[in-house]
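Okay, here we've got a single chain as structure tokens, the form predicted on its own, with questions on binding and movement later.
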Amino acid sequence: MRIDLHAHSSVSDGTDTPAELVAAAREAGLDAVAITDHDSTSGWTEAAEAARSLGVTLVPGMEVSCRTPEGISVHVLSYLHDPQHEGLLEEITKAKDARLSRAEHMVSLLAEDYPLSWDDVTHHVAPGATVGRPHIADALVAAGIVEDRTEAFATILSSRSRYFLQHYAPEPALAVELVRAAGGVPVFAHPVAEARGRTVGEGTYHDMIDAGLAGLEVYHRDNPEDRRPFLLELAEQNGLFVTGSSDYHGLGKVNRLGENTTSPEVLGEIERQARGAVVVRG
């Protein structure tokens, strides 16, 4: 089996609809794919219908945006949680509301120096999706201000830019706790992705492990090869499983479905631990 456990649809910052994401997974020769939109499960139903129709196994999931007290961004992948769990839903709603306010403020700052409006940005947002930096990047590309999303994030939208603003996000250990409370299985996404910015120290890993962390996403293009042995050793010492994924965003990133994969045994362990949702068999 070829299994990719990290992919985004237009519900967050991907360019494929949930159904198109599943179709792309089939085209890429995947047997199973996880839909893991940022702080949203709105794409689950459409993706599940496509999975049953196309014969692809779907793992319903979500990527929870977190931040340490030091301001370091952390992402926690949640698999097979209850999407209606009150505690988790309340926290991601709080974060989504803060992200929207942040986006509006960033666009107002950008508009002082560039021909950019809020309408220009929302034009790139799918119905029901929360506006984020990728959508601002798409508007900058459409306006001819930057070449692509990569350039936008490296320059105008980088964390070092005067236009960049923080927004509320839960601490990583709290996110892990809430995912477990919702019956889900939490995995630390691309934990040593140094090109994205600062990465956490060992204390954060152990706080997350104590809170119920289940696995580490080791095989990801943004994890440098020389840092992976650290992750593998940490996983072995703490009884964590290891995943590999693409972090596919359609045309939004160069990442391709299936460029890293997860073993069937690990998917089985995720199903064994889950108490919320279930895998959809295509």
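What you are looking at is a predicted structure, and each value in this text was computed from that prediction instead of being measured. Throughout, we count residues from 1 along the sequence that is shown.
Not pictured, yet referred to below: the form predicted in complex with adenosine monophosphate.
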Proximity of residue 67 to adenosine monophosphate in the predicted complex, heavy atoms at 4.5 Å: no
Might residue 196 be said to contact adenosine monophosphate in the predicted complex, defining contact as any heavy atom within 4.5 Å? yes
Hey, in the predicted complex, does residue 149 get a heavy atom within 4.5 angstroms of adenosine monophosphate? yes
Report yes if any heavy atom of residue 81 sits within 4.5 Å of a heavy atom of adenosine monophosphate in the predicted complex; otherwise report no. no
Picking from 134, 191, 186, 172, the single residue whose non-hydrogen atoms come within 4.5 angstroms of adenosine monophosphate in the predicted complex is 134
Which single stretch, out of 22-30, 229-237, 40-48, 252-260, brings residue heavy atoms within 4.5 Å of adenosine monophosphate in the predicted complex? 252-260
Kindly confirm or deny that 91, 180 and 206 each have some heavy atom within 4.5 angstroms of adenosine monophosphate in the predicted complex. no
Within 4.5 Å of adenosine monophosphate in the predicted complex, counting any non-hydrogen atom, which residues from 90-121 show up? 99, 102
